[in-house]
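The data below hold one chain only, encoded as structure tokens and taken in the form predicted on its own.
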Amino acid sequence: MDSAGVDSATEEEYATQSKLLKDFMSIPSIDKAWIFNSCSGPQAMVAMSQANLLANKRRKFMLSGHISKESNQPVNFHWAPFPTEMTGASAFVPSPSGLKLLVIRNPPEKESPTKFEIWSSSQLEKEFHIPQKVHGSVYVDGWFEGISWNSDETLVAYVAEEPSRTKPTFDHLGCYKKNNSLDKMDIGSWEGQGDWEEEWGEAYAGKKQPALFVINVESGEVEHIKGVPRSISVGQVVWSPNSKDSAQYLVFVGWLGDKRKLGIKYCSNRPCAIYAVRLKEPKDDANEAFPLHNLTKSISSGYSPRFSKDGKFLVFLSAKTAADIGAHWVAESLHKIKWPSDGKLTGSIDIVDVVQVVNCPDDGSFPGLYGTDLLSDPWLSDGHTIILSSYWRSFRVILSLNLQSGELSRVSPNDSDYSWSILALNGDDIVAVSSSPVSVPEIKYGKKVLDPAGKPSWQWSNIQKPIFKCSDKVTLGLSFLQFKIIKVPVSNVSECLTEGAKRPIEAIYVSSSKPKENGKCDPLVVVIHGGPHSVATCSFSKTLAYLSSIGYSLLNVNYRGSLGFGKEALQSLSGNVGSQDVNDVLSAVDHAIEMGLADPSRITVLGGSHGGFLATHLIGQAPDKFVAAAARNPVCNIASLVGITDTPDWGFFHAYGDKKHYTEAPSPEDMSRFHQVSPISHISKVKTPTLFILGAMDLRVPISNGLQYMRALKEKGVEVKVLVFPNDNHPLDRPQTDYESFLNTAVWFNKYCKL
């Protein structure tokens, strides 16, 4: 062993693996796209990002190009020779006409101003610096994201942090100073802490209250929209239809935080509503307070508001099932509201159900909406058809929904085994991104056509010139990979289960197409998604593709409780974690062995969050099944988690199956139940060597949870390795963290699989 505790062979393996992993990590991601019409035809602008390992950040850049759609010729994108890096940009938002681009730059230093830049097609036209006394950083991701141009492109509404509240000050003698003012000459004076305020948990640590602002893009004048109480956190703002005869409103989503702000990241179960507040006009009294209208008070959840092209109605999504029962994510529903033609919001508002939750879908039929993605302008030219993306079993698909007839159909190809997401609309044509576990993301173009009966469909074509090129090593590694969906019958089916909970589950199996030496299977990595209410899809993952390319088969299991399989299957997991989900994963592994797809002597397991919960459960409940494990920020002991996590309700819900048990003061009976369903209750049986990958800034599953379990394993002599990233939170997704995590995972698995 050398002085660092690593032998020369292991050191050489790290060096070898790091070269290939770096190539996979350098593959760019396609984030967003916009299409604009110009005199020379449609123009595309694609926002992309790429890991910058040296800076430990993601490099953002834009690639633009001209779209040619000549008759009888394939659609082609003529890309600019080089992309443009958007250094320091937090967000970029094109105006409705496409003639202006708003670039927002949030400063890394808290005291520095936020910058608003207005660009034309050829130059920077205006730049405004918004000081901290006006507001803090603009929210550019997550639930509170919301940046919206008005129709005549003179105003932009957005969500930003409220200005810091005044804190108490004390002079050099410790005496309280009136008016809370500190003079630079007051040597020895200091600013006190003031009252502590609740935050929205994971990913929002240090963020101040989200509030609503409007900036005039001509003058740079910023208005803080009054009338929204501090008990409401705002997000997702849009403008109401512009009419000369009616007042204009700002429509936004609001989350109540008057008691405790439970963690909101990845949690659609937080009650929310869609509100409207009238925008002041020059003739109004400056001190006049306009009422705040709750447009969705009859249901517990409403978000993603979108106005129709003609302004006659407002559509929105709802996770009311999640908000009502307590599961952090379930099927969504879609609704619409008639918007008053005179702009006067009075009386009751009728909410019309458009797409409802599906309990138990038949094979091949629509399973409901899950993780729905709506463009800022998702409408086709007919004004009543909306295009959206959603999960459909182990895929992501593109759907069209006719709000007049209620007809919903699949737009992405029915026979495709890839996942598809919408990027932009070009009139009635669709620009999408498609990928698979063995194929990097590619842009696809869907041209709308009508059959003899007038029913629309989309003809999909590849873009001739790829948007990026992978290294030769990556291309070669992927060329030998294949994948398929495996149906796995569930075990221990009882009569008390709903019909949807009895249906087979799915697992995505990725393997090499190379002939096996002596017919022996490659070692298998069982990959388990978190949540538990999330889903593994047939889409590209750089890190998992890297594991596949170095000789591992993958089994990505969608156990009951995963999104995209209907309400009954999803909710069957409630109150059954640590048993039903564990049995589903073991059934999938045994099924793969029976099919001859896995060598039972070389099986490993990898999971994060609830996937880590299952990984540590599996090595305890099936101690002879796995030769190695890797757990990323795993839930190991719910009893020690509920008092320190930002989502204590998660533990109560999954232990009991409902939210009525939730309390800030768990009883001894609660603690006993939490321990019973946790991996740590099986610690005495564990013998699998386990790698722990932990983020010290994790608020969802604080680092102490994984460390407690790890120390218990060390105490009984099980081999462990621990990586702690001091500046990472729950996703562990910063470039260097992602890189080191999977480099160590590969070396760890290789050690025990004799690869």
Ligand SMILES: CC(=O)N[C@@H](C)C(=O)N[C@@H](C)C(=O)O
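Don't overthink the numbering: it's just position in the shown sequence, from 1. Predicted, not measured: the structure shown is a model, and the values here were computed from it.
From this point on, the text means the form predicted together with the ligand, which you will not see here.
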key: Proximity to the ligand in the predicted complex (heavy atom, within 4.5 Å), stretch among 206-214, 349-357, 318-326, 523-531   = 523-531
query = Taking 4.5 angstroms as the cut-off for heavy atoms, does residue 266 touch the ligand in the predicted complex?
reply = yes
query = Going by a heavy atom distance of 4.5 Å, is residue 274 a contact of the ligand in the predicted complex?
reply = no
inquiry  = Please tell me whether any heavy atom belonging to residue 635 falls inside 4.5 Å of a heavy atom of the ligand, as the geometry stands in the predicted complex.
reply    = yes
query = residue 565 near the ligand in the predicted complex, any heavy atom under 4.5 Å?
reply = no
query = Looking at 602, 610, 444, 396, which is the one with a non-hydrogen atom within 4.5 Å of the ligand in the predicted complex?
reply = 610
inquiry  = At 4.5 Å, heavy atom to heavy atom, what parts of 692-718 sit next to the ligand in the predicted complex? List them in sequence order, or say none.
reply    = 700, 701
